[in-house]
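Given as structure tokens, the chain that follows is alone and in the form predicted on its own.
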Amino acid sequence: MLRFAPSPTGDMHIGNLRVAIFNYIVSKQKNENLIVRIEDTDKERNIEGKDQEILQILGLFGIEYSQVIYQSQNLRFHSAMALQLLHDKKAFSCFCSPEWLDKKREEAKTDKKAYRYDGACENLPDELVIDNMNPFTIRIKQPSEAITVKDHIKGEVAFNPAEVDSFIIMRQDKTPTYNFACAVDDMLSDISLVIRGEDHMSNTPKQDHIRSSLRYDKKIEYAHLPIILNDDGKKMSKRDDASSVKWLLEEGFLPSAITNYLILMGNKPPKEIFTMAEAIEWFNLDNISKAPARFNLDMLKHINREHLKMLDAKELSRYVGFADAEIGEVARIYLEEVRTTKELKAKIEPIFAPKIIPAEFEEQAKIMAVTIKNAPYFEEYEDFKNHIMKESGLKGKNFFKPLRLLLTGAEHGPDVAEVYKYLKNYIGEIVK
């Protein structure tokens, strides 16, 4: 079983989408189920409706899953597991106040040392614990030996006990911390492989320690994906527009192209342009580069254009507001100039919109418009052009400039003869 575990606290980031795509691909390769676990236990940061938005995006990208689990529904299991650890003396109640712990952190900072919990409450006598009416957290005891994690991308990574520490697993309000909830949920769902971002690497030994302390002996495999950098070589953040999947979709990037690019980054596929189905055939986690991947918007635009070219004409036309193969062919001509559906729509819309004619050609355009409206249907562009030229009396730039403006709504663009081939049945709608 594999899992994708997003939090409903904001727009989906391309790093999260990349994680979802890789989980989906590997689940298909392994013929194992993929579950979506909405990690919604941080109620203060949850944004209403974001869970459904996440699921809609997964659907848009063709990422199939067997079920959706909300982490908050597992709270009773988290409590039961925490009690089990207390019973087995593998965890303890900690009465240290937040103020006291902050003081200890500041002292460590002053001494230029990494803060570690000092074990003040670890060996309190039972009677002091029972009689203590102060709020408390539950901490798991620090491991006695180093924890080694085998990662498909990072290789073998060892963590000494001090790095893991006696960390909190249940807060004072009796809700689980991230690492505890995550470790227990992966155990409950019988997860076999966790694919996630490398910012979770420090969480992995803690989660492994939790499961070991609960006597769960199944070893979960890991793959921690390197971070994605922006053009400045810094980690992409919410300040980078392109980090938002929603923004990319609104800008006119196809889900298939975004998928292609996110798989391509830091990888060595057999070809540059491919589909998700093709990637399932050759994708290998072990081939992902250990180095951070740099996001390049121009590269994504190039890939997007190639995916637009792969669409059949009728499907392409839908991205510009039609359901007509001939309009799709016109759109295909404009793909030589544009790379996103947003840019493509900006080229097609003026064709059917009221025309803005420069003053220099206003009179000629009026004459030509009347001539075109009174002209018979012509199959071939040359016959159409010759008829309009003869009947209007216009020549040279006084003919070709108004003709381009009336047929395309733009002063520059592709060969009018190519455009006419697919617009001839719409002349009455175009020239008004």
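Start at 1 with the first residue shown and count on from there. Quantities reported herein were computed from a predicted structural model and do not represent experimental measurements.
The form predicted in complex with a small molecule is left out here; the points below concern that form.
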(message) Is it the case that D51, even though its partner is missing from this view, gets within 4.5 Å of the small molecule in the predicted bound form, heavy atoms only?
(response) no
(request) Indicate whether the small molecule has at least one heavy atom within 4.5 Å of a heavy atom of T408 in the predicted bound form. (result) no
(message) Would you classify A257 as touching the small molecule in the predicted bound form, given a 4.5 Å non-hydrogen atom cut-off?
(response) no
(message) I'd like to know if Y178 sits close to the small molecule in the predicted bound form, meaning any non-hydrogen atom pair within 4.5 angstroms.
(response) yes
(request) Please pick, from K154, K347, R196, R332, the one residue with any non-hydrogen atom lying within 4.5 angstroms of the small molecule in the predicted bound form. (result) R196
(message) Just to be sure I understand the contacts: of H200, K301, K206, H307, which is the one whose heavy atoms reach within 4.5 angstroms of the small molecule in the predicted bound form?
(response) H200
(message) Looking at 118 to 126, 82 to 90, 178 to 186, 213 to 221, which stretch has residues with any non-hydrogen atom within 4.5 Å of the small molecule in the predicted bound form?
(response) 178 to 186
